[in-house]
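The chain below stands alone and is given in structure tokens; this is the form predicted on its own.
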């Protein structure tokens, strides 16, 4: 297998952690595993529940469906209007739980209020929770037991491993505490023997904490919130943010890329960093679910 690209941010020593390249490697490996399943008469299948008309959610679902097809995974998308009843959604979850041809289920976040997204997650069979965010999956992560990892944190761990960046013994700071990213990220880093600090919107003197990070994961949801002045020289910076800023083309991360790259030893771009890894991990979890259920 060819070595990963070692590209650097112009006029800096910061290594670009290329999520697109690593995700492509993951997909190539998955094609072989999917082919082995097909030979046994098993077609891995991901079912996606999409509720409402959030444009970003529709874009994400289309991307996931297209990427599934590229590795031989069948995808089913059930799109419901925002005024759908809770009972209808729960009945769909029950049907997928009972369907042996459906191996993974994704409830696209967010599910619009007043619908109860938490109740849907509680109802989902953990064996099909390929997004890794049901209470059962998160509880297994806390206990250090086998479970599907939440896709974005798992993608970040996979990206660090691909570039040979050591986690053990490092001080990792996670800025953000969401159930789908910040909390599972902290637990995965802890399970890899990092010392972990979790920061959030009510953390006092945030820069004091971020300047101590050997590995910084920014998942705060504020465009270019983390600047180079807030970093320890030589830090590895993972930008898990995707923000739309009026008047600017494309997505903007939670990290001010140019100023951070002047300080960091390695950094993820936006786009092309964490995003492709998230989708790759969803496919990987789906294939693993098919293997386990077969």
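Numbering follows the first chain given and starts at 1. Source: prediction; values computed, not measured.
There is another form of this protein, the form predicted in complex with a small molecule, and it is not shown here; the text below is about that form.
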* Among 201-209, 136-144, 118-126, 81-89, which stretch sits within 4.5 Å of the small molecule in the predicted complex, heavy atoms only? -> 201-209
* Which one of 194, 180, 186, 102 is close to the small molecule in the predicted complex, taking close to mean a heavy atom within 4.5 Å? -> 180
* Structure fact -> Interface check vs the small molecule in the predicted complex: of 172, 219, 157, 107, the one with a heavy atom inside 4.5 Å is 219
* Asked: Are any of the heavy atoms in residue 243 no more than 4.5 Å from a heavy atom of the small molecule in the predicted complex?
  -> yes
* Does the small molecule come within 4.5 Å of any heavy atom of residue 23 in the predicted complex? -> no
* To do: Could you confirm whether residue 274 comes within 4.5 Å of the small molecule in the predicted complex, counting heavy atoms only?
  => yes
* To do: Considering only heavy atoms, tell me if residue 132 and the small molecule come within 4.5 Å of each other in the predicted complex.
  => no
* Would the small molecule be touched by all three of 152, 176 and 254 in the predicted complex, meaning a heavy atom each within 4.5 Å? -> yes
